[in-house]
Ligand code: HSE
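The form predicted on its own is given below as one chain in structure tokens.
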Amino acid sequence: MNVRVRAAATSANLGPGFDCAGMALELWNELEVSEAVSGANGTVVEVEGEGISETPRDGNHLGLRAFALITEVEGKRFRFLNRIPFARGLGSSSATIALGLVAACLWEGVEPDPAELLPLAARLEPHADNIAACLYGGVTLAWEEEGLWRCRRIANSLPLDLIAVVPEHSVETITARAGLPAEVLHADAAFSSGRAALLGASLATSDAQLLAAAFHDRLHEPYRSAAAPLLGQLQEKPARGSVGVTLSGSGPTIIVWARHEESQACAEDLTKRFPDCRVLAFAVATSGAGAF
């Protein structure tokens, strides 16, 4: 038996949509699961691409932990192909979880249902913004209700283009969250809730003007900017043709938002300004994690 699945990169928060908004991006990790070769002991884990030196080859692998929530990992060969940069705010962990869950469903002959997989994923990923977008595809909003995470896909495309600026240094999510304050000023909360309302309205209506107005936050981005210095640089000196910038997840990757007709010039400007970074133009992935 052989199962092949893929899962997309994601960008979460989109500015003020903290722990709620996310979008799937056209950059895919892959997993192939098959019976272990005769004579092999236990479980075989192979990894190619990004994060080779950082990835465990045993049951501690996040993908295997996700797979084990549904069925046995023993006696199987797992071959991971990673294209999503590790610890850069592009959802590599969520993609790995999604790969494990979807592959396990298919191995058991069950059609993967994102609504059923999301609560399982939450056992390994406590904040569902990234994993929801990865499972559902498109642009999503996720929220917790009575102890369960729920999700609604609200858009398949965006009225602006997005360009990721990916630094060489990494930021662990747990470290980034440790820097968030336990309390914020009422004025800052009101500011961000207003921008979050703009964000939801702009995504649902595909309104570029509203979307550009939403790209401001006071709940998490100011406290993560020290580990993501490009955020301040691009806010102070915007790239050509850009209308806003957001921190991708915990960072340090920055998403630069540009008008469609100026996105190429924007990408060229970013490439010149930040030669030590990867500059990647993304489209929204309209399909969620699944077989291919």
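The numbering used is simple: start at 1 and walk along the sequence shown. Quick caveat: nothing in here was measured; it's all calculated off a predicted structure.
If you look for the form predicted in complex with ligand HSE, you will not find it shown, but the lines that follow are about it.
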Can you tell me if Ser170 lies within 4.5 angstroms of ligand HSE in the predicted complex, counting non-hydrogen atoms only?
no
With a cut-off of 4.5 Å between heavy atoms, is Met23 one of the residues that contacts ligand HSE in the predicted complex?
no
So, in the predicted complex, is Lys76 in contact with ligand HSE at a 4.5 angstroms heavy atom limit?
no
Given that ligand HSE is not shown alongside this chain, does Asp269 nevertheless sit within 4.5 Å of it in the predicted complex, heavy atom to heavy atom?
no
Which of 187-195, 124-132, 209-217, 111-119 lies within 4.5 Å of ligand HSE in the predicted complex, heavy atoms considered? The stretch 124-132
Is it true that Asn13, Arg224 and Gly249, all three, sit within 4.5 Å of ligand HSE in the predicted complex, judged by heavy atoms?
yes
